[in-house]
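In structure tokens, the next block holds one chain alone, the form predicted alone.
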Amino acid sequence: MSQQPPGEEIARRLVARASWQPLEVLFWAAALASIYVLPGRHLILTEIAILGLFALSLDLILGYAGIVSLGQAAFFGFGAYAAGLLAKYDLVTEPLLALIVSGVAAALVGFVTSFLVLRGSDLTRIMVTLGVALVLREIANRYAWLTGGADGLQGVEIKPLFGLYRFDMFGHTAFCYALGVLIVLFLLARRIVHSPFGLSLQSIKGNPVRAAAVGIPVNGRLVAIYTIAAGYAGVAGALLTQTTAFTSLSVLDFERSADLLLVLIIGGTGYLYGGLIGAILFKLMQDYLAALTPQYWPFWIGLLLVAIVLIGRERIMSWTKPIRALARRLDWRRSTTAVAVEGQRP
């Protein structure tokens, strides 16, 4: 049997790496099943979907490009206010179209500020991203005649989705809508990180000097992924406004960016599902602990973070080793069957 050329071998490995794993299929099957299995929990499930999408935006720049940000709330809030203003003044009445417009607007803000953010070291980036968020919050507070200021944006009326599906008080339409948007944008993010563009981002994260030496346009790649991540955050903010018919200065608060980092600490970075898993755990813990001890629930979440640090993520991940081994075995059998079938073709 002749050995494959290096190029073909690399291409084969990249295709195998990007293929869907059984646990991934199970995850999204469970998410879709929750529409019918958990109809009474659609309100909190909508919050989880929005937070998961928001966390995905930070994971794109932190987990794959190594950009640490404390100001992701800037784009979340900009998208939230954009969707609210579009709905309030009937500029764009179709929610899905308004969602796209809000995401593009947030991406433009991300593009403009990216040239400031990407200069300097990690510490400089942290301070600049935080500064951008604080500046946008102060602008929103200053122009209260437009944003509503501390009272929030009043009079937001979200029209039915596609002119057919109204956003009911039980959150049924909102959850289906948020979950659909999350799935579409997750598929796009998955395609991005497994493309040559995504691989070049990981190279930049590992060693930007070496990446530049082999011809990768480092600054251009970082600007591009920062802009995409800002668009994702803007869509998440717009979803929050559309599903609640309200927005306020809280969408630009530092606490929102801090919670986002907690979500990624819980779920992990650099594999897309970290933000989703972290959002599920964070929101469920918050809901349960807030009902159990309304005044002290942050203490228990903080205790969990300390436990993660002390125990170690590697040790925690080792507890799921049998499940992951079974998933790899199933995927290997599927790949072997596909190769056998391909070999039998004329």
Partner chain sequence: WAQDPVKIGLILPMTGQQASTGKQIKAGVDLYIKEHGDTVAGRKIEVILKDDAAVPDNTKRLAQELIVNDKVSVIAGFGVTPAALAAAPLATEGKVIELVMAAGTSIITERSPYIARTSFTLAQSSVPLADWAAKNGIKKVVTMVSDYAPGHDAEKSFSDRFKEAGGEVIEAIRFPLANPDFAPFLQRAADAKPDAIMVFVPSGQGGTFMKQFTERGLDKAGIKVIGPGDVTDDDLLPAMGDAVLGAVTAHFYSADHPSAKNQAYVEAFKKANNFRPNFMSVGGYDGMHLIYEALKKTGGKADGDTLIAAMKGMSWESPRGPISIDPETRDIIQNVYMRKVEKKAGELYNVEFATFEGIKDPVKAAKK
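Numbering follows the first chain given and starts at 1. Just so you know, these numbers come straight off a predicted model, no measurement behind them.
The protein also exists as the form predicted in complex with the partner chain; that form is not presented, and the subsequent description refers to it.
In the predicted complex, the partner chain lies within 4.5 Å of some heavy atom of Met169. When contacts are judged by a 4.5 Å heavy atom cut-off, Trp297 counts as touching the partner chain in the predicted complex.
For the chain shown alone, Ser250 is a contact residue for the partner chain in the predicted complex, at least one non-hydrogen atom being within 4.5 angstroms.
Remark: Thr244 counts among the residues lining the partner chain in the predicted complex, judged by a heavy atom distance of 4.5 Å or less. Between the options Leu99, Leu179, Ala87, Leu240, the residue in contact with the partner chain in the predicted complex by a heavy atom within 4.5 angstroms is Leu240.
Think of it this way: in the predicted complex, the partner chain has a heavy atom of just one of Ala150, Val112, Val104, Ile183 within 4.5 Å, and the residue is Ala150.
Figure note: of the listed segments 250-258, 157-165, 271-279, 77-85, the one touching the partner chain in the predicted complex, with heavy atoms no more than 4.5 Å away, is 250-258.
Contacts between 205-234 and the partner chain, taken as any heavy atom within 4.5 Å in the predicted complex, involve no residue at all.
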